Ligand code: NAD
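Take a look at this one chain, the form predicted on its own, written out in structure tokens.
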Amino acid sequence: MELRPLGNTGLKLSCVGFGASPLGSVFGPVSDEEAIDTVREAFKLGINFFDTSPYYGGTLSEKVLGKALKAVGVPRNEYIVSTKCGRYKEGFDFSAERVTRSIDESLERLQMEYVDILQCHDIEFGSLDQIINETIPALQKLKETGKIRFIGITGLPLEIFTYVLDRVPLGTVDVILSYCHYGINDTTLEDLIPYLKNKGVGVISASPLSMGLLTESGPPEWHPASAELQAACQTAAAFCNKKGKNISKLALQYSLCNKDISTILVGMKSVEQVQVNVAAATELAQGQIDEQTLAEVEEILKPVKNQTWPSGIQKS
């Protein structure tokens, strides 16, 4: 598994990252045994980055991931763990008091003494000015205690990243996690990469399948994409299927092609899912991407390229 540097952190992340939200039984039940087997397979195949949040499964994802990592028994310095703060089952709270308490709760659930990255979770739903003036300073204090090594911010609208990064001292925020903005149907994250590189900020991209748009089964009912975008993606998926190809594999490989993105986070909850995702990355590394099918899919999606969906932003 290819390892890529994460901004100025000194960390090197596997190009496929393990999204642990499914371990919180978000997409159907996952037993402890299944979770342990899945995490063990991830290590075996070279994945070293695990991402979770207290929000996923109402804290269950953190608990199950912690239990699985403990059971697998890999030395702590051989893997990288990221969790989040500010978003919980009960709602959003980015206050200094809450995020400071949050890390202690997360560390207990994860059975760890520190996490490598603590990220403010989906900051567009809070006050961006509070994130700048209160939350990030609180996280800097946590950094001094050794409970966290690096600070990150996550969210959907790309403009939240420039708003925050332009207003905090250089080097304060180490990493951003963007989702649904680097895939076959949407590459808008690409425009932000030179800016982020200039700031020394590492880039994590999640949801290369655009929350289910680029799958054969299609997105969940609640998906916010327009009917036009959903229909185009289903046409593309059916086209791939007819050719004996899988659009999800192609989508993951497409996202992995951009070496400026440190890792592509993919949710996983079974040994088979780990194997499929790693196989896609391995094939790509060996130059085995189906360029023709990819070009044809891009042509199908051209009319809806970079069509995003609204998400509220509160600056103050």
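One-based numbering along the sequence shown. As the structure is a prediction and not an experimental result, all values here were calculated from the model.
Just so you know, the form predicted in complex with the ligand exists too; it's not on screen, but the next bit is about it.
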*Any chance all of L128, D174 and K199 sit within 4.5 Å of the ligand in the predicted complex, going by non-hydrogen atoms?*
no
*Consider S21 of the chain shown here, and say whether it contacts the ligand in the predicted complex, taking contact as heavy atoms within 4.5 Å.*
yes
*asked:* Can you work out whether M112 and the ligand are in contact in the predicted complex, taking contact to mean some heavy atom pair no more than 4.5 Å apart?
replied: no
*asked:* Using a 4.5 angstroms cut-off on non-hydrogen atoms, would H121 count as touching the ligand in the predicted complex?
replied: yes
*asked:* Contact with the ligand in the predicted complex for T282, defined as at least one heavy atom pair within 4.5 Å: yes or no?
replied: no
_Interface residue in the predicted complex among L60, L45, I36, V276, criterion: non-hydrogen atom within 4.5 angstroms of the ligand_ = V276
*State the residue from T100, T188, Q140, T215 whose non-hydrogen atoms include one within 4.5 Å of the ligand in the predicted complex.*
T215
*Spot the stretch among 66 to 74, 260 to 268, 287 to 295, 36 to 44 with residues whose non-hydrogen atoms come within 4.5 Å of the ligand in the predicted complex.*
260 to 268
*Pull the contact list for 179 to 214: residues with a heavy atom within 4.5 Å of the ligand in the predicted complex, in sequence order.*
Y179, A206, S207, P208, L209, S210, M211, G212
